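Just one chain is shown here, as structure tokens, and it is the form predicted on its own.
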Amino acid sequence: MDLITPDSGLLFWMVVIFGLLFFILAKFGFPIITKAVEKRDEAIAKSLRDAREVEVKMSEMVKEHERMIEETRKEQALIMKEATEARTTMISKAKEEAREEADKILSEARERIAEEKESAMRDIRREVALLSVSVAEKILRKELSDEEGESAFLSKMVDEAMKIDNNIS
């Protein structure tokens, strides 16, 4: 039974050593441990505060991000609208320019046709005049081939010249 029940002297020294150890720990060890635990507690509390602040900032950033996305969508819609309007304007402008160019080409073609027609008419008149002169020459040669026809023609021409002169005066 000696092994199970300790001796009174052993018990006394165990209590004294425990008391001394407890006193040393209470005087030097527990304050250090307590400080370490308090520092750890403060660090955890600070980390929690920082985490809450980060969480708040993140929620603000998410809101800002959503606001920026919404603004971007609005700007995109505005740019698309402006691009559509610009495209429509450019198409209508191009159509108008094409129409004006076509009108100009038609106008020039009509003018050229009129000039060609006038030129053709002049050529026809010249040809008719030359043909008339040629026919008149042949007729005059035939009439003027004898002296009697020549004198009748000259008297006729003088009479016509006198009528013209009388009309002018």
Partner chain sequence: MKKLLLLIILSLVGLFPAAASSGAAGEDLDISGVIFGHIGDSYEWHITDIGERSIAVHLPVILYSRTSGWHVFSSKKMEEGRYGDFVFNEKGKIVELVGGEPVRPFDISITKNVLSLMFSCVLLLVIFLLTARWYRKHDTLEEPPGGIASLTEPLIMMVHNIARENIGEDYRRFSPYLCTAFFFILFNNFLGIIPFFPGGANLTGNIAVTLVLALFTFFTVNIFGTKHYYKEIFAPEVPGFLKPIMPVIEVFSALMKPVSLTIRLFANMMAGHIMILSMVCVIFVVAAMGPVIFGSMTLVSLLLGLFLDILECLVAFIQAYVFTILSAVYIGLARVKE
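Numbering follows the first chain given and starts at 1. Just so it is clear, the structure is predicted and the values come from calculations on it, not from any experiment.
As for the form predicted together with its partner chain, it is not shown, yet the points below apply to it.
Fill in: Exercise: R40 in contact with its partner chain in the predicted complex, heavy atom 4.5 Å
The answer is yes: R40 has a heavy atom within 4.5 Å of its partner chain.
Discussion item. Does any part of F22 reach within 4.5 Å of its partner chain in the predicted complex? Heavy atoms only, please.
Written reply: Yes, F22 lies within 4.5 Å of its partner chain in the predicted complex.
Worksheet item: Quick one: does V15 come within 4.5 Å of its partner chain in the predicted complex, counting heavy atoms only?
Response: Taking the distances in the predicted complex, the answer for V15 is yes, it comes within 4.5 Å of its partner chain.
Practice prompt. Would you please decide whether I139 lies within 4.5 angstroms of its partner chain in the predicted complex, comparing each non-hydrogen atom pair?
Written response: So I139 does not count as contacting its partner chain.
Fill in: The unique member of A26, A114, M58, L130 whose heavy atoms fall within 4.5 Å of its partner chain in the predicted complex
None of the others qualify; the residue that does is A26.
Worksheet item: Of these, T34, S134, S119, S107, which has a heavy atom no more than 4.5 Å from its partner chain in the predicted complex?
Response: When its partner chain is considered in the predicted complex, the option within 4.5 Å is T34.
Worksheet item: Taking the partner as it appears in the predicted complex, which of 50-58, 26-34, 97-105, 119-127 has residues with heavy atoms within 4.5 Å of its partner chain?
Response: Only one stretch qualifies here: 26-34.
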